[in-house]
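One chain comes next, on its own, written as structure tokens: the form predicted alone.
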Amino acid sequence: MKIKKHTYIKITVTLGLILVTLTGCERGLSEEAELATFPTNGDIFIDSFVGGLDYFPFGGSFAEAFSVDQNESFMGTASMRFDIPVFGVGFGGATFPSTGPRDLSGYDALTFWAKASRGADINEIGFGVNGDTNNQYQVTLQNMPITTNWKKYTIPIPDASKLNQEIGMFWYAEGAENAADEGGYTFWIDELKFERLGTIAQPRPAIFNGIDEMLQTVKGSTTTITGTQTFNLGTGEDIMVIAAPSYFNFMSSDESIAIVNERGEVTILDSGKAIITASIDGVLAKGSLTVDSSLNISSAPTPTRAANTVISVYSNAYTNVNVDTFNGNFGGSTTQTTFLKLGNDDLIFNTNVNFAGIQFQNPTIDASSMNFLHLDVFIVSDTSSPSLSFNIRDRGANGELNTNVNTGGPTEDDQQIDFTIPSAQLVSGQWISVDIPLTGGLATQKNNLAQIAFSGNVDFILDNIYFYE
């Protein structure tokens, strides 16, 4: 999702030695002078915007989704109203930044009261979206359930000491992802503010979902660490949020092999092994990343087809379409997907493979004029009976992606092409160019493609995924 950037005037006051000449005398800085600080006001919306707030809808969102409702409130005289459009119209999404930085280090949570016109769940909601800092301290609560009754919600701050100059007060993104998902409803938020509850306890940070991951990679490549923070609330409820990497302190067991910056970006400096761990506010995060940079990988072949004959899903050679996910995390899937950077070449690395899928439903791809799907595949693991298959699926006339990954086939009105790479071609340590014809039943439904699924038993790298004439 692209966030509309905005600009504010930031005034930095630096106090040093000031010399003022008065009747021939020199006067030093008064001992009573204080360094400039930022406001500590945690209120965001209490019947109206508090302390100066802006409204910036996300690109592609329904800008009219937000309004101030004078007829509905939990307390006082007004609330924030969000009208979520029906499926196919768009989504509601925006950030509400402060007009100037605030010091939120004295709080431990963002809280608010909310209710909806029907039972639903809000896709993403949180704080810390700030285009000026590339969302350095963004926090995301996913799939927040909401009912028709007013209820108080709490989104904990992973480490409040980081938020001493924050402008990203609040943000949300909600929309119907398919015809069966909720849309065409309204929800309200009231008493939106940062608080110090004193009941936020038992911090349990994690990286890589708390799993000790192994990444085979190469010298010169990069990858990014993602993490979560879980707290126990005073109600006994556990709340897990996605915490931006900048909340973590990262450690490398061998900085001559791999280093990590505050954005969670791991850079592989040399061949060898290193273990990456992390902590938040002194609490060790569960999970780790062991990087093994002994692989010998070259860049994929550079595509030569003209851009106007291609619809690109993933390639540095072309402009890519929007992709919802490169790993659909289907139930039962063990596949882990990471991203490598080899020089100027971005690569998708799939390990522990059984099955997974690349999805592009928002929007789907109209490949009516295309005849093939191209992929460049680099086999990493070496097995006695290698297998790797790809499936291209459309979303059908009903607008829903109905697939049964475990049985390998679509349901209802979807169509699918199955393609298995011959096992003799699955030789480790080299790039394989794969071209899949868009034939069969899918040939008449190429205007609504939504997924490229894969299954197999080999770890592999993907690059240059595109449809072409």
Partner chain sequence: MNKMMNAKTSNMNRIYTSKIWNYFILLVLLFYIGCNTSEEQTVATFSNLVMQDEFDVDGTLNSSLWTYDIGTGMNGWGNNELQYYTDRPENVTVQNGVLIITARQEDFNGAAYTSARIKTEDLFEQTYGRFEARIRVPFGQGMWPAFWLLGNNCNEPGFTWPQCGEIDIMEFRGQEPTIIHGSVHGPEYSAGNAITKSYQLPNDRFDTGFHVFGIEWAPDYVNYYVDDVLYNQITREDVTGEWVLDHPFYIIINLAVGGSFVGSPNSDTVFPQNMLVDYVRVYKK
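This one's a predicted model, so the numbers in the text were calculated from it and none came from an experiment. Positions refer to the first chain, counted from 1.
Just so you know, the form predicted in complex with its partner chain exists too; it's not on screen, but the next bit is about it.
Original post:
Pick from Asn164, Asn352, Thr147, Thr199: which residue has any heavy atom within 4.5 angstroms of its partner chain in the model of the complex?
Top reply: Spelling it out, the residue with a heavy atom inside the cut-off is Thr199.
Original post:
Given that its partner chain is left out here, which of Lys219, Arg204, Lys115, Lys193 has a heavy atom within 4.5 Å of it in the model of the complex?
Top reply: Looking at Lys219, Arg204, Lys115, Lys193 one by one, just Arg204 meets the 4.5 Å heavy-atom criterion.
Subject >> 4.5 Å heavy atom contact, Asp324 and its partner chain in the model of the complex >> reply: Asp324: no, not in contact with its partner chain in the model of the complex.
Original post:
Is Asp238 one of the residues lying within 4.5 Å of its partner chain in the model of the complex, judged by heavy atom distances?
Top reply: Heavy-atom contact with its partner chain at 4.5 Å: present for Asp238.
**OP:** Find out whether any non-hydrogen atom of Asn232 is located within 4.5 angstroms of its partner chain in the model of the complex, and reply yes or no.
**Re:** Yes, contact at 4.5 Å.
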